[in-house]
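Shown here is one chain on its own, the form predicted on its own, set out as structure tokens.
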Amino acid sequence: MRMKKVLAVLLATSMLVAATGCGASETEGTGESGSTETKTSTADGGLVPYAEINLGEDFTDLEATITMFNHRTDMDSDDYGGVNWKQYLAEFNKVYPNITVEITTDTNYADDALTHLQSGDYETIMGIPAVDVADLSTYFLSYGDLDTMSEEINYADTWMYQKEVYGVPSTATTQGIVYNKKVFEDAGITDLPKTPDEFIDALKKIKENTDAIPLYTNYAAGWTMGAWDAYYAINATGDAQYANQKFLHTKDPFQDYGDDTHPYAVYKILYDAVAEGLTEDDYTTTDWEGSKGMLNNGEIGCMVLGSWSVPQMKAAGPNADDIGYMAFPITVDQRQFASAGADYSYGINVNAPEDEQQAALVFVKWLTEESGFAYNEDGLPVDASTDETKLSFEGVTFLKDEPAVEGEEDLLNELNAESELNINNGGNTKVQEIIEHASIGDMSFDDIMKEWNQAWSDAQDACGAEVIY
């Protein structure tokens, strides 16, 4: 029985879980190798790697205390509408009673995680923040080579360097728009918008026919602005090579291509919505935590956020069934596309004691294969042995960004730093400035894009990135 089924029963029956649990005997069992002896180490006394751990059989007597640092503050609460951290740990300890996992969460995780790493004193497990891939081995333990890990997990190349895998995704997400289905229905929207013009028209209908805020920007939170960067590649071009390969070598990538596609079309949706009064009255007073309940209760029509937001919106009030998720409104050659990729990935401290590293490997594999975390969080599957997910984008093609070509693994980071645009890398300020200029009306959208193009071109020159496209 997979844990997501157990946890679903757990939620429905106030923690009364079936006795079958999710593991085999704690003292013996038969793994893929056919051995009836549980593993305690490799033959040479070192770590048993991720791919060779038999959950429920190996290391059930291992004693260790490990720490984990992550961004899911909502899961600290007993009131969280899904499965919270306390419940996951309770299930884990039924099989591994002597492994203690101490979890710390942080609302400013992206910045604070980097601070932890730079201090040299960081947790046993953490969501890998925005580090250069060349530095991965400085901070994190390799889970194994790419070929081996690709048989175990999806998105194995997300945090990969020189064919070694340093991160296992917590879940995988797609990028679209979370919305209130009842608000859209009350507004008279019968078909979900598929183009920028259709989306703006839908927002106008919400403003005219309901009391809801059509599009809530979440400007004040800052980090929420970075969500817009997730749509510039696959969603806007239908090209899996665009993000990590072509974008780096494109001349003026923020130009108007004239067909409502490419990065220009993504950010123009935001500018136009603000300029036409289709967002909150005062963007400086938006409230991230409060916005969840507002969307659930029909006070907001929609928000541009990854699919990871869906369970949080459902859990924020009594109207979970009103929460929907739609593809980003850009159509390329009569088709819609959505990117599928890893959310934060678990990295294991390369400097931790060996017993803690082994316990961390066990816990990460349990989270991936047995806990049902990705499924419970409305994510796409990470475990390569299953395709189960709650998400469904009818008629939308899912693609995964192809990795950078060999030798250019850090070029995007270099261009982002040089241009200060930080595309899809925490570039919150530039998106906030779109809202500011659109609200005041002191700068046209085309002028903003002209500045971005110049910054990108200058960065290409400085970094020696050849312009090909």
Partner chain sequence: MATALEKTKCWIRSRKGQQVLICVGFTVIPLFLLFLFTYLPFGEMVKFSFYKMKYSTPVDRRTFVGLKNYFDVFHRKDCFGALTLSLYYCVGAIIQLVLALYLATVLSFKVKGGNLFKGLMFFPYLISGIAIGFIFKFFYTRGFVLDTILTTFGLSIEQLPYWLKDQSVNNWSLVATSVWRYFGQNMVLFIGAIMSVDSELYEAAQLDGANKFQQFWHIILPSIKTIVTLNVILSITGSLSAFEQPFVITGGANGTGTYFVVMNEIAHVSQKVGLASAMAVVLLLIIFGCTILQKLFFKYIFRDAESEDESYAAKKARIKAEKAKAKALRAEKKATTSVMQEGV
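Positions refer to the first chain, counted from 1. Keep in mind the model is a prediction, meaning the values are calculated, not measured.
There is another form of the same protein, the form predicted in complex with its partner chain; it is not shown, and what comes next is about it.
Comparing 192-200, 227-235, 313-321, 109-117 against its partner chain in the predicted complex, the single stretch with non-hydrogen atoms within 4.5 angstroms of it is 109-117. Among residues of the shown chain, residue 134 is one whose heavy atoms approach its partner chain to within 4.5 Å in the predicted complex. Although the partner is absent from this view, residue 67 stays clear of its partner chain in the predicted complex, with no non-hydrogen atom inside 4.5 angstroms.
Contact check for residue 52: every heavy atom lies farther than 4.5 Å from its partner chain in the predicted complex. Taking the partner from elsewhere, residue 148 is found to have every heavy atom lying beyond 4.5 Å of its partner chain in the predicted complex.
Checking 276, 388, 287, 102 for any heavy atom within 4.5 Å of its partner chain in the predicted complex turns up a single hit: 287.
Put simply, of 57, 401, 409, 418 only one has a heavy atom within 4.5 Å of its partner chain in the predicted complex, and it is 418. Relative to its partner chain in the predicted complex, residues 220, 282 and 425 are all within 4.5 Å by at least one heavy atom. Applying a 4.5 Å heavy atom cutoff to its partner chain in the predicted complex picks out no residue from 370-384.
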